[in-house]
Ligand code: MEV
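One chain follows as structure tokens, the form predicted alone.
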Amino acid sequence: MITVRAPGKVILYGEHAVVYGEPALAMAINKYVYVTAKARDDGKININARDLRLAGISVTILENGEVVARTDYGAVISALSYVKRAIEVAMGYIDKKVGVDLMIQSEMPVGAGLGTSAAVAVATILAYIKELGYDIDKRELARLAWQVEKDVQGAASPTDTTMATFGGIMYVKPEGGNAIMEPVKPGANIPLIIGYTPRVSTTKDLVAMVRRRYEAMRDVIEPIIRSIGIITRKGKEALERGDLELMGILMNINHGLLDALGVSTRQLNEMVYAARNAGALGSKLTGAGGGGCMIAISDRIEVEKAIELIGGSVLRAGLDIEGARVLNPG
């Protein structure tokens, strides 16, 4: 039996602008998805995902691919699509089909913009391959997990699967339709408080909305996009120097620009401003927006309480530097 963990991630700066060729800065966080795999002597794949911050779920995938699911709300959550495809990709990689029992647990809410689906894909692939006695290097693991996300979503950035695989902080530079990831060494620890509210819009819809505004009002929207790019570059420099105060100021400006693009929500804004009023150095939404998560640079309990008072759920997080890891290598 093998247990693997893979981290989630936040975007410190640059979401949405990265679609238009500007850089982004992503940070793996020490909140994890855990996948435990135990090989079976038949062809069945049993998935028990009773701790994904949503409905309790028990799923059986039969040898013919049929999915049998039991959930608290009578529906299979989307995360299981990533699990099923990850198993198929892992089977293809080792060219062997063996049944397996999978137990999946998450310290993060699903669908909140924290890269949970990527962490699920990475951890599932690695757990399955290691349980059957095979090895895989991290570059190949990231590539396979990215393929899972593309297969399930239709299109996907490699950022989330890279972060879940390698950990650390990455400066993401779009070039020629690809994303070049450069590791960044922080000059200080970055204490984060994450506030969460349910999503009301999908990433796909939000990206499409920004695109429509960009095409309709390019003279207005393009300067916003370019300003976010400048903030990201300055944020990277501040991070490398360990200047948390400047990082916070830049986060505040970045959030204002994202709100101007129309991707924030009332409750996200309320959490962002509550965090600042309670003493955070800076705060912003993280990810596509439309609900989901915000981040604040702070380790103060007052910031947590302020976010909770307006209805947000709270996580504390720091930097993960290991990425995907086998916890019980035997």
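Residues carry their position along the shown sequence, with the first being 1. Keep in mind that what you see is a predicted model, and the values were worked out from it rather than measured.
Although not depicted, the form predicted together with the ligand is the subject of the following passage.
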Given that the ligand is not shown alongside this chain, does Gly282 nevertheless sit within 4.5 Å of it in the predicted complex, heavy atom to heavy atom? no
Is there a heavy atom of Met170 no more than 4.5 Å from a heavy atom of the ligand in the predicted complex? no
For Asp160, is any heavy atom within 4.5 Å of the ligand in the predicted complex, or not? yes
Considering only heavy atoms, tell me if Ser227 and the ligand come within 4.5 Å of each other in the predicted complex. no
If the cut-off is 4.5 angstroms on heavy atoms, which of these, Ser81, Gln147, Thr203, Thr197, is the one near the ligand in the predicted complex? Thr203
Considering Leu261, Ala274, Ala288, Ile297, which brings a non-hydrogen atom within 4.5 Å of the ligand in the predicted complex? Ala288
Contact test, all of His255, Cys293 and Val303, partner the ligand in the predicted complex, heavy atom 4.5 Å: no
If you look in the predicted complex, which residues in 8-28 sit within 4.5 Å of the ligand (heavy atoms)? Lys9, Ile11, Glu15, His16, Val18, Val19
